[in-house]
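A lone chain, given as structure tokens: the form predicted alone.
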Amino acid sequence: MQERGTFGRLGFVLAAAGSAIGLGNIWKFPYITYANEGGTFVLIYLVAIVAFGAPIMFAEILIGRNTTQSPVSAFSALSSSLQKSKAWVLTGWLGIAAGFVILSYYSVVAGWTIYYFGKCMTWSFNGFGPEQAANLGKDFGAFLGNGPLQILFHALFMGATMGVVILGVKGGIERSTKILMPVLFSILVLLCGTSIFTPGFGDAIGFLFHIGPLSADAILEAVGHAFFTLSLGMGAMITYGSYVSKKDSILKASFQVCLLDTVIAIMACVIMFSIIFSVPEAERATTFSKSATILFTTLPRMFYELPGGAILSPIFYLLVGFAALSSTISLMEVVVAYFIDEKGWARKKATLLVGGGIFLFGIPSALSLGASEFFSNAKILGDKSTGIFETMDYLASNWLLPVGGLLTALFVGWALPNAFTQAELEEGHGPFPYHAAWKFLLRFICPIGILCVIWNVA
């Protein structure tokens, strides 16, 4: 078996936060907050982080740290040592499958950030006028329909991800996140600072923190996003937890990751809403789309209408790219760690073969956004999705992640003895008087919440 690395205390927090922080924070959370009328939704989301997200994060890191193994090996080891059903190992396999599938299409979107960073640099130097603004949607459609370009930028982002993972836990993942996360946070602070001077800043803050009515669907959406935004159910926190020292507190580290993830999501809202509320009200209805394409078809025009937009626009795409990279690193590490732990492969071999396999598996997704009629119109799941990209996203978001999280909550809540879990949580932390409450959340509240989310979106 290959020798495993270990995160330093700060290294784990930054790596885990990097895994959690991605397009879900920069784009999806602002969108769903806007769609659900702001302040009350944010409050429900914060409650959901405490009641659903944090408890499952404790559970996943506990599994990883106790076994020092990747998801499949971890569930297998615990099931054997505690004489539990070997069927629990399927939970680990779900995490491997989720990491593989999500990275295959996530890197396609992540590749767009490289392309648009270059586009913004060109616009900033050569000028961005009415003609460029009018053609944003058309240009983006042409980009999606260009198969070679889609594959190229998919390959570039996969290459960057592999380059970090191949260097290992300390030299690659921890070192890169110690650079990426401070830079990402600095860019967010800069963009938040400039947001103060936009015409829509006051309205944005008022909208973000006002209290109003909220529907049942909005509550379920808050619960679902609290779960998904923390990279739960995909084996990432189990894998990263396996690199955590016994001297470090699982509870403190989890709290810090949840806090960082939430703060960055709120900062992204301030930035996005300040831009959105700076445009005329009649235009807002068509401005904030549920599709991630808003980042490439609408925001460039808005940035260039603001003072300093020629500087802010490329900086924004650098931010989105960094956020995406910190997530793709964790997704690949989940799969790579399996081959290192279970098959005894060297990290370089595992990374190259896994990365190559995921890249090839992602090509149909890259071609399913207009480049290939066959892949774009495929209805593998009937009316549930159209195209390979949408099908992969539907499978991962609605089934692999929530089912993986549900099984993890049940395993730690019911299968692992109380004395075992309490001792593991207290190691490196000290007394934890809320163990019974945490177990109650895992046994009852988290499963009920996840089942409701699955029922609502499936």
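One rule holds for the numbers: they count along the sequence shown, beginning at 1. Because the structure is a prediction, the values reported are computed rather than measured. We call the rigid core the largest set of C-alpha positions that still match within 1.5 Å between the two forms.
Keep in mind that the form predicted in complex with phenylalanine (PHE) is not shown, yet the notes after this line are about it.
> If the cut-off is 4.5 angstroms on heavy atoms, which of these, 236, 335, 388, 257, is the one near phenylalanine (PHE) in the predicted complex?
It is 236.
> What is the one choice in 150, 327, 242, 107 with a heavy atom within 4.5 Å of phenylalanine (PHE) in the predicted complex?
If I apply the 4.5 Å criterion carefully, the residue I get is 327.
> Using a 4.5 Å heavy atom cut-off, indicate which stretch of 186 to 194, 337 to 345, 300 to 308, 99 to 107 touches phenylalanine (PHE) in the predicted complex.
That would be stretch 99 to 107.
> Do residue 449 and phenylalanine (PHE) come within 4.5 Å of each other in the predicted complex, heavy atoms counted?
Residue 449: no contact with phenylalanine (PHE) in the predicted complex.
> Evaluate residue 14 for contact with phenylalanine (PHE) in the predicted complex, applying a 4.5 angstroms cut-off between non-hydrogen atoms, and reply yes or no.
Flag for residue 14 set to no.
> Using a 4.5 Å heavy atom cut-off, state whether residue 228 contacts phenylalanine (PHE) in the predicted complex.
Yes.
> Might residue 23 be said to contact phenylalanine (PHE) in the predicted complex, defining contact as any heavy atom within 4.5 Å?
Contact with phenylalanine (PHE), yes.
> After superposition on the rigid core, does the Cα atom of residue 30 shift by at least 2 Å between the shown form and the other one?
After core superposition, the displacement of the residue 30 C-alpha between the shown form and the other one reaches the 2 Å mark, so yes.
> Could you check, with the core superposed, whether the Cα atom of residue 265 shifts 2 Å or more between the shown form and the other one?
Moves: yes, 2 Å or greater.
> On a core-based superposition, does residue 58 travel 2 Å or more at its Cα between the shown form and the other one?
For residue 58, whose C-alpha is compared between the shown form and the other one after core superposition, the shift is less than 2 Å.
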